[in-house]
Each structure stands twice: as C-alpha cells, then as structure tokens.
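Just one chain is shown here, as structure tokens, and it is the form predicted alone.
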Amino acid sequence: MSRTPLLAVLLVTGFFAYITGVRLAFVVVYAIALVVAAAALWSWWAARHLRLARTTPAGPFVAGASFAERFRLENGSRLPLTVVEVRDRSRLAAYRPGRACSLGPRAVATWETEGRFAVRGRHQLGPTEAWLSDPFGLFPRAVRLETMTPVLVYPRLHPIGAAWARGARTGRDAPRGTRPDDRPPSVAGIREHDRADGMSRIHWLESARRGRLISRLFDADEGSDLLIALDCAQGIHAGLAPDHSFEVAVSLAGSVAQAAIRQGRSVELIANDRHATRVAAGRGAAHEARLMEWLALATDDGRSGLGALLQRHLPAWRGRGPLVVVTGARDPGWVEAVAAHSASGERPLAIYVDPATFGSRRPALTVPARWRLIVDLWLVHRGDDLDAVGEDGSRAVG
C-alpha cells in the first residue's frame, strides 16, 4: 500500500474537521494518525529483531561444478510478519536463491538452494537483503546482510591423458600398444614430499629415517620441464561464454598443466595477454594452484601475436623440455617461431581450437602440410567431447 493516498485522506479530513468542528471528522483523523504511528513503530521494531544468516560455499570450484547455500531467517520479536522477502544481490547468472515467506512471533525459517558456476572467473555471492513491512504495507524496511563472499572458479579440466602432458607423439603417430610410460623409470634422487605426489612416489625408508614424508625423484623428472604457451591475442577467438573458443583453450591449457604437475613435472606458462604473463616453472600443489588461479582470470586482451611471444622465450627454453602451444591463430608466425627454435628431434604439441566452429566469420582451418612437419597438431572443434579422450589422446588427434 502506498502512503500517499493515506496521507492525502488525513490532510483532507483534518482540514474538514478544523473548519467544521464535526466530532466524527476528528475521530477519523485521530484513528488514521494512530494507524500510521502504529505501522511505523511495528515496521521499525520488527526490523530491529529480524536476523538473516547466509552460509556460502568454500572454494575454489571448477567451472560446471554445483554448489549449495543455506539461508536462515529469524524473527526475534513477538510481532508476526505477514511477508518477508529475501533478495539476493549476487551477479551470478541464472541463480535466484531469494524467497518470500511469513514468520510468526519468535519463528525461524531455513532453506537450502543449489546453483552452478557455469563459467570460470571470480564470482561474488552477496550481499543479501530481507524486506519486511507492517501489516498495512505502509513502511517497508530492508535488513541488509553486507557480507560478500568471493569465490574463485577454475577452468573446467579434462582427462586428456598423461601422454599429452609430456608433449609426446601419440595417437596415429604412435605404434599401437606402445606408450611412453611403459618402461619403469629409475630413481635419480629424493626431494621433499608434496601433497600432489602419489603413494608410489614416497621413499618409505628415507621417510622413516627422517621422520617426515620424502618423495623419490625419477630420471624423467630431471631436465625435462614443460612449457605451455597460451594464445591470448585479441580478435582470434569467437563464441559466447561458456561456449567460447578461448574458454576451451584455457581449459585445455589447464588440463595439460594439471596432468604434468601431478606426474611430478615442472611446468612453466607464458601468455601474450596485455601483461605478457609468465608463470615461472614450478611443481607441486602450490604451483598448480598458482597456475589455476591465473587461468581462472585470464582474458584474451593481448595486442601482439603468439609468434612474437615464442620468438622471445623459446631461445632460452631450447633443450629444457617439451613445448605445448594452445592457440586459435591462423597466422603461420607461431609455427615459424617453433620451427626456428626447436631442438633437434623435438616435436612440440600444438592444440588448435578452431574459432570457425564457434561462430567466427573466417572459414575453417585447412591445415598446411608444413605445419604437420613441424608440430603434432590436435584440432579441437566446437562440440568435441573432451572428457572422452583416452589416456593416449588418440580420439582427439586432428
């Protein structure tokens, strides 16, 4: 109910009572004034005793993951509340956890809601408002819960297999029945245990001697870092998030990084975004979290091509280990840079996310024969089931 008509009636009736002196008019004026005062006091008192609590999920999460929240609304006064509406001010798409309910004296209402983080990035849950009013609806008030919970959502990761993380030749290029990890590696040394290490890596005798967990270091871990180059240039990607070619590229870069780190490998990442990002080589759970945090917030805002980035970094990288390039650029500059700075016998892996299948106006890529002579090429198209890729990656080779 709007207060304006009621106040208009109060003024007109008061004026009529003043000029006529009719007793009934004064009774109506006093009754209206009493109702307004009682409604204002009711709303104020109820708002002071209304309690709103929101339990938000703890992150980080992965894109596509579901989450749950719990809300608790308590009326601490002895006044009944006909309608209380909880409004969520979060900017999370397709998530509406608010609810309208009635609360009796000293009553409590609780409910749970479920949502889903559709895209990676930093999201915010909250603030929250509970709107109430007096029985006549004259004085609505809001009880605001200012708490805002930031949640970091990592890119979606896919089981692309150990072979891709090594940058090894697999799929159609590998003989059937052979895999790079068929030969048992030899122990080259020991290091401090990391939470990402599996049970098979623990050196039990050395752990017992030192009184803490120690991991074995294999020959394959020495001098064989992995470099991931992610193309973040403007204008090469297409689509709408989450169905966007850049989102797929980020997801695949994260999948390769995670697989390599959990093999005990050291991973370095470079990107041609506007900050010319370089995440120095590292291993373990802490480094994996650092990489995933950057990938969660990565944007395709670079102003230089991938070729220039590789020209700067590859000379110093030569011989340190395999290279994985994740791009959607048709410009052969990045291929020329890889050819010029690859060590003898190396065949880097190039994951090409074709923007044409995501709505780009450019035609689909026709792979030049020269590209296949320089890199192992994996063509990724819109709609590909990346979760169905086998351990050897053979189902995804273009």
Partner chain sequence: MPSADPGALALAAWAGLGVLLAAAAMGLQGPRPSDRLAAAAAGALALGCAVAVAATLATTVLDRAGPEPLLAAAAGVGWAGVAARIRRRAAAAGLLLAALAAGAFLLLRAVPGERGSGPLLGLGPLLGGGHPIHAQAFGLELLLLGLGLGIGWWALRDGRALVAVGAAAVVCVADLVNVPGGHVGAASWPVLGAVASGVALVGWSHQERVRRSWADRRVPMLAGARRRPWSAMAAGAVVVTAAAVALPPLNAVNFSGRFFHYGPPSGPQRRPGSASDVVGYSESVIPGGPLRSIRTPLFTYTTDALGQLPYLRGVVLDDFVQGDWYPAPGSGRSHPPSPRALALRPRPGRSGTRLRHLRTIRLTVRPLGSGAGQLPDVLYPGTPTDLPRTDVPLIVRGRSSGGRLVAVTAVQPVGGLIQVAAGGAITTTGTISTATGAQLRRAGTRYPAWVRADAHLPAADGSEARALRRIAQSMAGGARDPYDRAIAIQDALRADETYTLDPPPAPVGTWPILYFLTTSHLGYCQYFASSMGALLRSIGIPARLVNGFGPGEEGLAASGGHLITAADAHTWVQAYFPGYGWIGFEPTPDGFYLPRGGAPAATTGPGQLRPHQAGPPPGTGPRGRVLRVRRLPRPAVPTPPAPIGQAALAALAVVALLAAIAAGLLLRAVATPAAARRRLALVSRVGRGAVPRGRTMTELAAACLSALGPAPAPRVAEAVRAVAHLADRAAFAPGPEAAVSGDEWRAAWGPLRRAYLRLLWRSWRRRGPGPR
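Numbering follows the first chain given and starts at 1. What we label the rigid core is the largest C-alpha set whose atoms superpose within 1.5 Å from one form to the other. The model shown is predicted, which means the values in this text are computed figures rather than measured ones.
Beyond what is shown, the protein has a form predicted in complex with its partner chain; the following relates to that form.
Engineer: Okay, which stretch from 78-86, 275-283, 230-238, 322-330 lines its partner chain in the model of the complex, with non-hydrogen atoms inside 4.5 Å?
Structural biologist: Heavy atoms within 4.5 Å of its partner chain in the model of the complex occur in 78-86.
Engineer: Taking any heavy atom pair closer than or equal to 4.5 Å as contact, tell me whether Leu138 reaches its partner chain in the model of the complex.
Structural biologist: Close contact exists here: in the model of the complex, Leu138 approaches its partner chain to within 4.5 Å, heavy atoms only.
Engineer: Although the partner isn't part of this model, could you tell me whether Trp294 comes within 4.5 Å of its partner chain in the model of the complex, counting any heavy atom of the residue?
Structural biologist: Contact with its partner chain, no.
Engineer: Taking heavy atoms only, is Ala208 within 4.5 angstroms of its partner chain in the model of the complex?
Structural biologist: Contact with its partner chain, no.
Engineer: Wondering, does Ala100 line up within 4.5 Å of its partner chain in the model of the complex on heavy atoms?
Structural biologist: Ala100 belongs to the contact set for its partner chain.
Engineer: Please determine whether each residue of Leu145, Pro150 and Glu247 possesses a non-hydrogen atom within 4.5 angstroms of its partner chain in the model of the complex.
Structural biologist: No, the candidate spot makes no contact with its partner chain.
Engineer: Among Gln263, Ser266, Ser255, Ser133, which has any heavy atom within 4.5 Å of its partner chain in the model of the complex?
Structural biologist: The residue in contact is Ser133.
Engineer: Tell me, which of Val27, Val367, Ala40, Ala339 has a heavy atom within 4.5 angstroms of its partner chain in the model of the complex?
Structural biologist: Comparing distances to its partner chain in the model of the complex, the residue within 4.5 Å is Val27.
Engineer: Hey, which residues along 19-56 are within 4.5 angstroms of its partner chain in the model of the complex, non-hydrogen atoms only?
Structural biologist: Contacting residues: Ile19, Thr20, Gly21, Val22, Arg23, Leu24, Ala25, Phe26, Val27, Val28, Tyr30, Ala31, Ile32, Leu34, Val35.
Engineer: Compare the position of the CA of Val28 between the shown form and the other one after a rigid core fit and state whether the shift reaches 2 Å.
Structural biologist: Moves: yes, 2 Å or greater.
Engineer: Taking the rigid core as the superposition reference, indicate whether the CA of Ala259 shifts 2 angstroms or more between the shown form and the other one.
Structural biologist: Superposed on the core, Ala259 moves its C-alpha less than 2 Å between the shown form and the other one.
Engineer: After core superposition, I'd like to know whether Ala37 moves between the shown form and the other one (criterion: C-alpha shift of 2 angstroms or more).
Structural biologist: Yes, Ala37 moves 2 Å or more.
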